[in-house]
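Here you get one chain, nothing else, as structure tokens; it is the form predicted alone.
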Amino acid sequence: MRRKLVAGNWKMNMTAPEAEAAIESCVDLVSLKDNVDVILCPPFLTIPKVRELTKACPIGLGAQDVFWMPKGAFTGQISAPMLLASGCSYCIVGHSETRGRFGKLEVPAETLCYFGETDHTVHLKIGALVAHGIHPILCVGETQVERDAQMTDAVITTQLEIALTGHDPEELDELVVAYEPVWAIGTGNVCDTAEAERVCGMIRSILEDLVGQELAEKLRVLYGGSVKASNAKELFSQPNIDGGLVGGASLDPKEFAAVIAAA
């Protein structure tokens, strides 16, 4: 049986003092069970503080992105060796926001070229992470336009195939895939439970083709996109949904604790 996983993605929120207050509250509220893994993915500058604060409790540490080269003249980038040295065991890759695919656009449309992630750079990042023993949390998902055009399955299949083809399946034994419909991220909309389960089941079927049935059955597939206490239990009860990648709700200790309890 796959262990549930709840990962909190703080995005560009939380200074070190704010993180300290949030984690202290969260630890007091959360009763961690041995069948649930909890991970926090704070901003890069907050990673050392979160590592210090979670040292005495079973909360894992992740990053929100990585660059695929180990070092070099890449101003502003963070490498896998740097994340490893900072205590990160997980890292999000291919999030819709780094791809420039926003459910709710909060920047001028002409700046979208800044967010230049592609399926090919996701592939390179996964290679860098597994080479250093860091577990990728691979995000996949469709936009509202793609869903309306009935392209959901094709879009996700392409994202998975390009990201994972060519990697040794043995190196992907701790891979996590998060289905995040773009139209549900930051919008308050949530995918219908039956449809979320269908897509997560489809993802597992695609993984069978890419890494083999035995490994695909072990890998965890999460749902992300406006996950909160009120919908987490129903989502997490589905056979192919192994937990959640939680955005806004992870910033509120009480709400995040309730999501973890649902898992």
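Because the structure is predicted, anything quoted here is derived from the model rather than measured. Residue positions are given as counts along the sequence shown, with the first one as 1.
Quick note: we don't show the form predicted together with 2-phosphoglycolic acid (PGA), though the next part is all about it.
- In the predicted bound form, residue 225 approaches 2-phosphoglycolic acid (PGA) with a heavy atom inside 4.5 Å.
- In the predicted bound form, at least one heavy atom of residue 245 sits within 4.5 Å of 2-phosphoglycolic acid (PGA).
- In the predicted bound form, 2-phosphoglycolic acid (PGA) sits beyond 4.5 Å of every heavy atom of residue 127.
- Residue 87 falls outside the set of residues with a heavy atom inside 4.5 Å of 2-phosphoglycolic acid (PGA) in the predicted bound form.
- Only one segment in the set 183-191, 143-151, 167-175, 68-76 has residues whose heavy atoms sit within 4.5 Å of 2-phosphoglycolic acid (PGA) in the predicted bound form; it is 183-191.
- In the predicted bound form, 2-phosphoglycolic acid (PGA) lies within 4.5 angstroms of at least one heavy atom of each of the following residues of 1-18: 9, 11, in sequence order.
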